[in-house]
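Starting off, we have a lone chain in the form predicted on its own, written out as structure tokens.
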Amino acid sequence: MKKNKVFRYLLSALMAAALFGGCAKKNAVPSVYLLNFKAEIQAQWEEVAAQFTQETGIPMKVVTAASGGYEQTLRSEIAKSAPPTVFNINGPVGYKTWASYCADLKDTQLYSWLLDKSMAINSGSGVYGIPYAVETYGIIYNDAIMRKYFALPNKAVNIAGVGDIKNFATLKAVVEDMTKNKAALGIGGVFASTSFSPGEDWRWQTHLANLPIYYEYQAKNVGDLEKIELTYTKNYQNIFDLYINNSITDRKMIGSKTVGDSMSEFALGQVAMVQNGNWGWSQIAGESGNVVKPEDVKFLPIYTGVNGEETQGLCTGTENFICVNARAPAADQEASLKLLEWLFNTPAGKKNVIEKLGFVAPFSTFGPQERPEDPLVKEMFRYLDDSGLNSVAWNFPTFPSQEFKNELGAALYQYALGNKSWDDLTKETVTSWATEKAAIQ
């Protein structure tokens, strides 16, 4: 039966290639080339590709861009004679760059399955990017260490547990007292390393920077701005200072630290907290010598000192928009759609989505029980299900460019080293935003 299914697909694909003969590869078997966005699930995507090929007979190649280097890798790969057939854009700004490569997906089954069609990237009547994973990030903490802290007879705070941390002032008091007691807690620092190795600063220049931009958009009731004031820059500084002043790694050494180093420190119980997203669970669970129990891995919102933040939840959204390369041979576009339909609407594909890739897929083909079982996804839904909390939207897809983020990351690093004032960082960030926004018009 499997051979017959493969033969029927190949025949169908070849007929499609004939129909679109002007752009089809000659004498070539239809294939899929996926350019992966997330370095932390490289091995999982390669396993998915092998299974897809085994089940359908369609060759599939996966290339994973280096952390922080997706745009550069996409520019390089898409210029080749055999470019990616499936790739990722990060939102409306990414679409402006790659619009001519994005096939219209409005008539695909994948789009018909999208639960909230307002999430897709639209232009005119077309649909050019479809979100395929809802994710969340915040401060991941080890509840076993936190329970140990709150049991200390000499703790300086007058609260009973993590559940009482609902604003920055309380978070700061707890973190700084934990630093004083780090020997008693058996940790090297409260926070994991603030990574600034090349390409490893995205947690600070993208995810953390989302907080002040989110609050500025909220205050101005907008979803994007050509120019920002960085009104909440002091709040941004609050949390960044808390990280670097209570870290396991001295600030002069953070230039050599990676995200992987940070996740390893957390998994090995060397620190109590690390800022990252639910995708980080695979790194925690996969770390050799991991001592953190799944039931002790939990999330706290990233508090920064904004008025009313007691009702703030986690940062939840998506920057994962899948696109099919409109310039790929038609048969390869067909094969790419076949991959997406297999992945998000067959038992084998969905099993991979849930158990290997760890995606919370926003499609009607997934029932409410078809979610990853990892503790961070459970935490995401614990926060989403709390009607008293408001999620922080992902506004960083509106950031003007990768260059803007690179400049902000470099400024944060120089600030951490003591070579730049926060006022100068703020002024440069405001200027860089306006310059880069103007450049993409």
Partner chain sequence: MEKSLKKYFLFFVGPTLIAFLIAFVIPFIAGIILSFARFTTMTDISWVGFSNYVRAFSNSDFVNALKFSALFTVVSVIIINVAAFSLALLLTRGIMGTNIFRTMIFMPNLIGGIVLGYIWQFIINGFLSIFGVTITVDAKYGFWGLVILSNWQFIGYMMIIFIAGIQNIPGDIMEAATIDGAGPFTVLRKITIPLVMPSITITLFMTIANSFKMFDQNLALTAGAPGKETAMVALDIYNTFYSRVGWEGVGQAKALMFFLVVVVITLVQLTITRRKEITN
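Numbering follows the first chain given and starts at 1. Since this is a predicted model, take the numbers as computed values, not measurements. Here the rigid core means the biggest group of C-alpha atoms that line up within 1.5 Å when the two forms are laid on top of each other.
The discussion below concerns the form predicted together with the partner chain, not included here.
- With a 4.5 Å cutoff on heavy atoms, G126 does not count as touching the partner chain in the model of the complex; it lies far away.
- Using a 4.5 angstroms threshold between heavy atoms, A151 stays clear of the partner chain in the model of the complex.
- Within this chain, E55 is remote from the site of the partner chain in the model of the complex, having no heavy atom within 4.5 Å.
- The partner chain is not drawn, but in the model of the complex it has no heavy atom within 4.5 Å of N181.
- Look at 139-147, 346-354, 114-122, 88-96: in the model of the complex, residues with non-hydrogen atoms within 4.5 angstroms of the partner chain sit in 88-96.
- Among Q414, T398, Q42, S391, the residue placing a heavy atom within 4.5 Å of the partner chain in the model of the complex is Q414.
- Out of the listed residues N290, S256, T108, Q237, S256 is the one that sits within 4.5 Å of the partner chain in the model of the complex by at least one heavy atom.
- In sequence order, Q72, R75, I78, A79, V93, K96, T97 are the residues of 71-97 having a heavy atom within 4.5 Å of the partner chain in the model of the complex; the partner itself is omitted from this view.
- Core-superposed comparison between the shown form and the other one: the Cα of F399 travels less than 2 Å.
- For R327, the Cα coordinates differ by 2 angstroms or more between the shown form and the other one after the core has been superposed.
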